[in-house]
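Take a look at this single chain, the form predicted alone, given in structure tokens.
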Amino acid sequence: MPVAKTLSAAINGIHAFKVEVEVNISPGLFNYSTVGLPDAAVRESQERVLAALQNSGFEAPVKRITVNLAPADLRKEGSTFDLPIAVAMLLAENLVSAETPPTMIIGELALDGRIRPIKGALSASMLARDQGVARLIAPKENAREAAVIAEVEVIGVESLPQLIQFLNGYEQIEPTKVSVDEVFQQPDWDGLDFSEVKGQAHVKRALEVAAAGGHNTLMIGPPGSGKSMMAKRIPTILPEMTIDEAIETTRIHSVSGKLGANMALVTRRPFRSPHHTISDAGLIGGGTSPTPGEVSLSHNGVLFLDEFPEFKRSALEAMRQPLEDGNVTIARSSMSVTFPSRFMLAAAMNPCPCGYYTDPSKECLCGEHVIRKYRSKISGPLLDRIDIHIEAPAVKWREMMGADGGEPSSAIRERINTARKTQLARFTGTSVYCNAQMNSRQIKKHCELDEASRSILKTAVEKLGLSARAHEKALKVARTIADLAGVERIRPEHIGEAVQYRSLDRDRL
């Protein structure tokens, strides 16, 4: 046949779009050209494809070869097209049977004909389902990831000869099957548990409130007070991921190349803890071809920023959009990409540069001006987006030597699951799944106050100088506290506790 076609997929952000791979082989001196806005990796597929064909026992055509990737106006990136190009060439040479069900093909070729894994297999499988394509041929290492989409028959292949034998009907390959229920039966958090945390009962209470409502949290305390230890245990008390959350999280990790080989789904909530020297693009996402940053890799999980004021001011300020909107948009001259970034921020900082401003047993060596300058690294607008500020004092000796650290994570999680079920019922039919995501209209509807509660909040707003956003944050936190208490109406004690979680607003007086 003069022109052979195969179907493949390209990735834009975390979404895939359909690409038709057309190969024309005509008589003449050898020439190989690829058109359709290919990047360098796609152009280099020429060498990989021809070598893989030759080393797999096929005769590479010594003719004029034109490869077109349609639609031609969208940029194609990566090595995903090696396999569909090779199959289209063999189709054009009548070496492959064309009588197959609608099939999408993705995969990178090694020079010896082996098929290597690619990024974004789950997104390609979802595209196949949406386009009504019954079958997806993918690298063996990506097969479990793609097979999560039950409506698509996923064929995992290891080499080009194996694939050609399969397409010609000489070899049977069983479709890959994945049991979602089995995938979700993962071991616990590597032994991490809140019962290991000695003392800090009020901080653990604040983190329970934060986890129950999805609230952002900032812990302030001297070195060694357990801030990092507690932050690492937050995922152990968060509700288990739903299948939809797991799929969305897996897509992000897949297009980033951070999904393990033969891994089907990310079933544990992500916990990301980047160093404070991270670049803006590393934290928010970016690059010439935009890739997800830490705020997106922690989607549906926890982003822990230790030494909060030491992060670059520009990086922290860039977090304001994902904290507010739950997604981050990266614009380039040729494209605009949006990545989901709905995460729970857990940040930690010292009260001053030396760390001992609030420590009764150690003298602070910082002057008032130095402390003020240190804290001013975190802007007011960014602090407004953090629902809970909680002080974590140094742990006393008798608490460290105590036999019991308190409740295990399982007991705390049980209460949080109950509170989350209340919230899910409250927000049925909306895109909101926890109190932290309420908009102004929902706050007005679900956070009604009686006269006593309104009086407490009014006093706090006037004395602390809370902004409108900080006022809304206090209402959201009070709503979560009431949910944990199992009551419908917000009471004065709930408002009082919520106001206590604005410690940095008090310190600015």
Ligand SMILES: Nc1ncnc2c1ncn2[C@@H]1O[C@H](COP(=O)(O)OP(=O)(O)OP(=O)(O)O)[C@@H](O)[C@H]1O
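Note that residue numbering follows the sequence shown and begins at 1. If you're wondering where the values come from, they're calculated on a predicted model, not measured in any experiment.
What comes next is about the form predicted in complex with the named molecule, which does not appear here.
If you check the named molecule in the model of the complex, you find a heavy atom from every one of 200, 223 and 227 within 4.5 Å.
Just one of 325, 307, 414, 240 comes within 4.5 Å of the named molecule in the model of the complex, counting any heavy atom, and that one is 307. In terms of contact with the named molecule in the model of the complex, the residue from 80, 254, 125, 350 that brings a heavy atom within 4.5 Å is 350. Residues of just one listed stretch (228 to 236, 110 to 118, 430 to 438, 265 to 273) have heavy atoms within 4.5 Å of the named molecule in the model of the complex: 228 to 236.
For the chain shown alone, residue 302 is not a contact residue for the named molecule in the model of the complex, no non-hydrogen atom being within 4.5 angstroms. Under a 4.5 angstroms non-hydrogen atom cutoff, the named molecule in the model of the complex has residue 395 among its neighbouring residues. Residue 196 belongs to the set of residues with a heavy atom inside 4.5 Å of the named molecule in the model of the complex.
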